[in-house]
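Below sits a lone chain in structure tokens, taken as the form predicted on its own.
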């Protein structure tokens, strides 16, 4: 297979995230990087991927990246459009969605996500973020969750300032104690590599490094002592097709 001369770190991240989606999955998509990766997957290896957006569109097939969950192109290209309460009460909460695809402003070693505030004081934070939206319900009820996020100490923190969406809480058993339906984060895809929860401790462990990235780079970009899998592998570089489709999608 012909390989392109160069893929940026961001493109490598998006391609790796897209590959994590399977053909036929029902995927609850967040705007931004999750939407880009999900639409790339649908245009390449997963043509039967069902994109579900919080606004009530099911089976959306946008010809360009949507600007928001309220972008008209989602309704225009969807198999059906339902109310927001139906999306949450009928599709999401009973566990009918296979994959939740989320981003994060902060992420800790147990996959807990913060998109609410940066700083210790909720009433007077250093930064007030966009907030929760549907992310807490997505993280709680989808059968599994994939997170796509840039890898830096600013994002990968020892403890999130605010738990907007629960990953594995404080560790094994927390999701069950909270009565959360889904199994939690399956993968965290970054511009440096891919992490997955340890089956016993639930702590995120580096399983893949993207081409050209070293272990030391990943450790330096993580705000805790990063665990690295003994069988650490290198991510397959993007194919020419993956890159050309991604670039066309972002330019549309």
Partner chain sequence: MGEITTLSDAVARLVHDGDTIALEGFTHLIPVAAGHEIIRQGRRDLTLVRMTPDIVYDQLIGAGCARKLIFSWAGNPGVGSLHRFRDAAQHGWPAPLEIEEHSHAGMANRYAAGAAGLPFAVLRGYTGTDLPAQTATIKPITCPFTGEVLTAVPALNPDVAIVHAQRADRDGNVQIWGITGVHKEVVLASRTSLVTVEEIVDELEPRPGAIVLPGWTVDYVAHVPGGARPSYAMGYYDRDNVFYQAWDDISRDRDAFQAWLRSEVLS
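This one's a predicted model, so the numbers in the text were calculated from it and none came from an experiment. Numbering follows the first chain given and starts at 1.
Here the subject shifts to the form predicted in complex with the partner chain, a form of this protein not shown in this document.
A.B. asks: Residue 201 versus the partner chain, in the model of the complex: is there a non-hydrogen atom within 4.5 Å?
C.D. replies: Residue 201 lies outside the contact set for the partner chain.
A.B. asks: In the model of the complex, is there a heavy atom of the partner chain that lies within 4.5 Å of any heavy atom of residue 226, even though the partner is absent here?
C.D. replies: Residue 226: no contact with the partner chain in the model of the complex.
A.B. asks: Would residue 143 count as touching the partner chain in the model of the complex under a 4.5 Å heavy atom rule?
C.D. replies: Residue 143: no contact with the partner chain in the model of the complex.
A.B. asks: Contact between residue 212 and the partner chain in the model of the complex at 4.5 Å, heavy atoms?
C.D. replies: Taking the distances in the model of the complex, the answer for residue 212 is no, it never comes within 4.5 Å of the partner chain.
A.B. asks: Judged by heavy atoms and a 4.5 Å cut-off, are 105, 206 and 252 together in contact with the partner chain in the model of the complex?
C.D. replies: Not a single residue of the candidate spot has a heavy atom within 4.5 Å of the partner chain in the model of the complex.
A.B. asks: Using the arrangement in the model of the complex, list in sequence order the residues of 66-81 with any heavy atom within 4.5 angstroms of the partner chain.
C.D. replies: In sequence order, 67, 68, 69, 70, 71, 72, 75, 76, 79, 80, 81 come within 4.5 Å of the partner.
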